[in-house]
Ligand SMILES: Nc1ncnc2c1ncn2[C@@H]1O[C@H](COP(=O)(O)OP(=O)(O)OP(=O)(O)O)[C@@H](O)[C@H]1O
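Below, in structure tokens: the form predicted on its own, a single chain.
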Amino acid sequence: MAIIEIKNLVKNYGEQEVLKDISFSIKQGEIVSIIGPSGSGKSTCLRCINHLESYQQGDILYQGINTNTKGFDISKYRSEVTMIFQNFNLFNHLSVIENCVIGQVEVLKRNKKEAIEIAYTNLKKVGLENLTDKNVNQLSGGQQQRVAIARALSMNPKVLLLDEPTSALDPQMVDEVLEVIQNLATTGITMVIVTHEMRFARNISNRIIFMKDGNIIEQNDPQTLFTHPQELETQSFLKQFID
């Protein structure tokens, strides 16, 4: 069963059509990577799914319910379909643990004691249980992204949306974040990942969607897409990785 369905999505910035009537669905427990050249609409698509961007046409359904329905609770939806950004989006004036607690208390209305316990459990999953009281400004980029992942997990999401989670990191920090995401992939959580890390996408995904110029050109399982791409645009994009 699809947990998220995108139907005929159109997104414009003025005269520029960024998403051109795209449709796809995400099954519960599935890990889908969206790849493609810069400017193809990948991140915009993710931001539309999270309702951080409005769109001109189309529908986004969550568990069968149209997210544009009057009275639909977007805050609750975002706590269940949680975004992890390329630039972390942490509260820089708060400590590591406070970053992971604030959303639980404000949005989910958990008491602080329970929220701290949940935050600590998730910080342990990402290997930061010894840095709970550090200000996030004192952390490396890789550590900050792991805090962002722990914060997202603390909201008990049903879906994680990851927008190029390693693109703001120094090369030596990329692997530590990718390892955390790969460990999450074994837990059964649904993930949609926009990434330029082709080997990572190939190893982690159940399905890969290739986008170009606002269109979905091709989608398939990783083995098929990387070894036998059907469309010329996909072949051209993947040529360096296939070789």
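Start at 1 with the first residue shown and count on from there. Keep in mind that this is a model prediction, so the values were computed, not measured.
A second form of this protein, the form predicted in complex with the ligand, is not displayed here; the remarks below concern that form.
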Complete contact of 91, 143 and 170 with the ligand in the predicted complex (any heavy atom, 4.5 Å): no
Any non-hydrogen atom of residue 205 within 4.5 angstroms of the ligand in the predicted complex: no
Contact test in the predicted complex: residue 40 vs the ligand, heavy atoms, 4.5 Å: yes
In the predicted complex, residue 18 touching the ligand (heavy atom, 4.5 Å): yes
Non-hydrogen atom contact residue 98 with the ligand in the predicted complex at 4.5 angstroms: no
Residue stretch of 181-189, 197-205, 56-64, 31-39 approaching the ligand in the predicted complex, non-hydrogen atom distance within 4.5 Å: 31-39
Heavy atom contacts to the ligand in the predicted complex at 4.5 Å, residues of 146-184 in sequence order: 164
